[in-house]
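Consider the single chain below, provided in structure tokens and representing the form predicted alone.
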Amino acid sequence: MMIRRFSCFLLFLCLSFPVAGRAQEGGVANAEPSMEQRVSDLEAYINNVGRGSDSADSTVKSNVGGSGPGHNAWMMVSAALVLFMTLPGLALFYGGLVRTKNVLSVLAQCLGIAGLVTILWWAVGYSLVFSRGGPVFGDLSFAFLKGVGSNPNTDYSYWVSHNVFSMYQMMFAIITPALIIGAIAERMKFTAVIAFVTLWMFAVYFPVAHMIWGIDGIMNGMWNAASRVKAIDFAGGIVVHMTSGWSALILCLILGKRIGFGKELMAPHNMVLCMVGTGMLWVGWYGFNAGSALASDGVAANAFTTTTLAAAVASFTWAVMEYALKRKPSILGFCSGAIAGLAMVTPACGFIDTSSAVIVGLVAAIVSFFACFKLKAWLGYDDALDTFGVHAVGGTLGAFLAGIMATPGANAGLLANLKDVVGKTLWLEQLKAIGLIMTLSIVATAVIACLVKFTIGLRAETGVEREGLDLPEHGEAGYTF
């Protein structure tokens, strides 16, 4: 009995004295956090801000270490949703819009781009975009995903694993060049597509993504206080839709029109596939837009809402315009309107309120409808599946509208480095970014297209194009009748 009482007394003494600081780990004492610090860390997780131990002068290591399970889970789901946009969403959307003899060529191009870009991203792409290094490119510190583990990279998120973040961003890198193939469908060789995309990623996508989203990017107005252009792009209106859309226009001009364009019927072969692909794109776009909050927080919720409103309003408005002009609202019209609304709201979705989202949807339908049906006819270019009319026009105008409509009420992060321009001259900063990205996309695409054209050739042979690309290039047919 005496021994038991003495043991209880010793345990009481141990618990009564504060825990001494433990050995230094990397220069920071690993002492046990107090109850207040533990509660503060849990609040930081819920509010998606940094732990106390993330601060430079911290002397206590947090017990809430690594990634946050809720935010990490949302980002893994979002990454899968963005991949779902390309495979199978975009593949089916584009595949349904081409003629029967070319459906597999579109699917093969989407699959080929997915594999190619993944390899480039693993080797150097992720590092060039998201490591620190300079205003235009990052360095090679993350090459081959070295050091990209499960702990967060706090340059971009306090609660999302670095490897999950890298995979999420890789899905954006995959779908961007895949959008281009809509403009050059039914006539560009598969080998030329792969060669073009390889060079285009280094000349256009990697530098633009770093300039807009990289922590030290020259146009990252949100998080780089030293940025020269204070631009915003929440989910890729500039990085994804502008680059792909303007590049698509230049590439289709250099490639030339399809044989029989304007003389033969080139109607979509399967509107059911197109509709199914559109639905997949719309669903996947929630990962694209809401996922760009990099957390399951209020900003993500707002982006989810504005994305829904803009897409639905644009889809309905496009069909209404068709009814007013032709008395026949088409499935293609509903689908085109939805994609136009999604593309135009993308750069703004995390910065605007619901009323602005409705306006974006209306503008998207009206302007993209005009670009696809009037502008293309006036100028006579063969943008086969309207990549330019939807993505270039939508991304460019959406980026501009973001500068006008962005409000700290939707995203308090706008006050970090943009409080002097938001609601005032932010639209001027957006115009600067738009001009720079348009110039880079146009010039780089022209150079790359000419280089590929005069080396391996861009276009399929005349006989192959007339027969369709599926059998000659891939040895398979989409349908056996």
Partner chain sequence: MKKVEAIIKPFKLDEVKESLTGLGLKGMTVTEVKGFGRQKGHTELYRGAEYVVDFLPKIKLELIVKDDEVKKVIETIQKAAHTGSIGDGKIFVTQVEAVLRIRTGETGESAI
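Everything numeric in this text was worked out from a predicted model, so none of it was measured. Positions refer to the first chain, counted from 1.
There is another form of this protein, the form predicted together with its partner chain, and it is not shown here; the text below is about that form.
With its partner chain left out of view, the stretch that reaches within 4.5 Å of it through heavy atoms in the predicted bound form is, among 295-303, 234-242, 79-87, 372-380, 372-380. Only one of 253, 73, 266, 359 lies close to its partner chain in the predicted bound form, with a heavy atom inside 4.5 Å, and it is 266. When you look in the predicted bound form, the only residue of 142, 282, 200, 93 with a non-hydrogen atom within 4.5 Å of its partner chain is 93. Its partner chain is not drawn, but in the predicted bound form it has a heavy atom within 4.5 Å of residue 97. In the predicted bound form, its partner chain lies farther than 4.5 Å from every heavy atom of residue 160. Interface membership of residue 326, defined by any non-hydrogen atom within 4.5 Å of its partner chain in the predicted bound form, is confirmed. Residue contact check for residue 136: none of its heavy atoms lie within 4.5 Å of its partner chain in the predicted bound form. Of all the residues from 317-352, those having a non-hydrogen atom no more than 4.5 Å from its partner chain in the predicted bound form are 318, 326, 332, 336.
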